[in-house]
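Only one chain is included here, represented as structure tokens and corresponding to the form predicted alone.
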Amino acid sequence: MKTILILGGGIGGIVSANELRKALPSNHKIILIEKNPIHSFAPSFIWLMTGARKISDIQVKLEKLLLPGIELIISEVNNIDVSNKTIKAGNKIFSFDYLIIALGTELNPESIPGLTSATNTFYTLEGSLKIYEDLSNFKGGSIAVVVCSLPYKCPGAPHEGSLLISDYYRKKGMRDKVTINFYTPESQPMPVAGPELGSAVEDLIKSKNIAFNPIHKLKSVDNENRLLFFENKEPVNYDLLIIIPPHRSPAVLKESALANESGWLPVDINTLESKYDNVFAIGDVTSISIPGRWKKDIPMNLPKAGVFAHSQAETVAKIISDRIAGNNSASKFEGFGYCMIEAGNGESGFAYGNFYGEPNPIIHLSNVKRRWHLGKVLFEKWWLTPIGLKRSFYQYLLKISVKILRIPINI
């Protein structure tokens, strides 16, 4: 009997647990440790922000997303001891033969003077609800959407948020009363995807009368006078501030022997295995340097996105099940990913491709269309449907819809 511990109950943790349970005989133990018993679907926070979703629409009990035979421990992970192959969660010690770390990221707004955990952000459920309240009561003026620092998860989300805020006021007949400014320390939207996609997203933002301000790194905020201070820039006024907070790796990872100098967890780009045998990491907690790059003198990392966590989880589950069966595994993560960018008015853009491509990532771009939005809605419904027959029905429906809508992804 082998014991596989999975730390974190987000997309990567859920997928890896279910894939392992399907692949392994029941005598092998699969234990998922997650501090929150309720799973909130983070990609839908932008819809919660504009009132297109209610909390009940995007939440489900975590246990309902897991196959029978997976032991769920609701607890915070306190210590990772890879040398002794033990994990401490709450007051209990768990031993493992295989470990999958899928702890995601933490938000750290307090690292910038003037920002607090109460500052508006659609990167949390509570923050999305607060923004909806503020947008509803806003009578007009300047809205600043600010990417505070790099890296941050879901590279398309800040742009989606700005576009949906614009669409929200268009529907209310107030768009002419609102100025929206987007600020980012990056030189273009999603630079890892290349100049073509970056230009297309920038054009989309500008077409909605949103001012795009690249190379703006936030230094501090004066809340009393509503001023933003950027490095080497003049102060900027705002009436409503919405931020994408600084991200950091979980403290428990930084305190382990696994983290690099930045606090993230480096892994093999294909197997997702760390420098310790049978210890894997997937999703946002990882640091993966991609082979190709658009600028040869600037190293680039794989973006932190749920689509990568999903496919990485499938890869790691196959590798572990092959090893337990005594087989050499040919499974590997090959860097394929996609992103649907909400543009408002029931439409989305779509980009997909190989982020491991050389000499540059190979990214394909589609125009904004209604079918990409429908595909995103279908995936949301499938993901939040409890495991079992009903979910199998949505799986079938999604596969058929993907073919009808001509969405080039594998489900």
Ligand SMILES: Cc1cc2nc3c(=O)[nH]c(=O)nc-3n(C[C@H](O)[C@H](O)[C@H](O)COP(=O)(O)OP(=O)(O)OC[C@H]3O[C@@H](n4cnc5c(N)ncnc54)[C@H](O)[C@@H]3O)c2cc1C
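Note that residue numbering follows the sequence shown and begins at 1. Not measured: the values here are computed from a predicted model.
The protein also exists as the form predicted together with this ligand; that form is not presented, and the subsequent description refers to it.
Colleague: Given that this ligand is not shown alongside this chain, does Lys54 nevertheless sit within 4.5 Å of it in the model of the complex, heavy atom to heavy atom?
Modeller: No.
Colleague: With the partner left out here, check for me: in the model of the complex, does some heavy atom of His28 sit within 4.5 Å of this ligand?
Modeller: Answer no; every heavy atom of His28 is more than 4.5 Å from this ligand in the model of the complex.
Colleague: Would Ile363 sit within 4.5 Å of this ligand in the model of the complex, counting heavy atoms only?
Modeller: Judged by the heavy-atom cut-off of 4.5 Å, Ile363 is well away from this ligand in the model of the complex.
Colleague: Should Leu48 be classed as touching this ligand in the model of the complex when contacts are defined as heavy atoms within 4.5 Å?
Modeller: Although this ligand is absent here, Leu48 would stay clear of it in the model of the complex, with no heavy atoms inside 4.5 Å.
Colleague: So, His159, Met190 and Gly194: all three within 4.5 Å of this ligand in the model of the complex by heavy atoms, or not?
Modeller: No.
Colleague: Counting any heavy atom within 4.5 Å as contact, can you tell me which stretch out of 176-184, 121-129, 232-240, 137-145 lines this ligand in the model of the complex?
Modeller: Result for this chain: 121-129.
Colleague: Of the options Lys208, Lys304, Arg248, Lys85, which one has a non-hydrogen atom that comes within 4.5 Å of this ligand in the model of the complex?
Modeller: None of the others qualify; the residue that does is Lys304.
Colleague: Considering non-hydrogen atoms and a 4.5 Å limit, which listed residue (Ile290, Cys154, Ala200, Ile112) is close to this ligand in the model of the complex?
Modeller: Spelling it out, the residue with a heavy atom inside the cut-off is Cys154.
Colleague: With the partner left out here, which residues of 1-21 have a non-hydrogen atom within 4.5 Å of this ligand in the model of the complex?
Modeller: Heavy-atom contacts to this ligand in the model of the complex: Gly8, Gly9, Gly10, Ile11, Gly12, Gly13.
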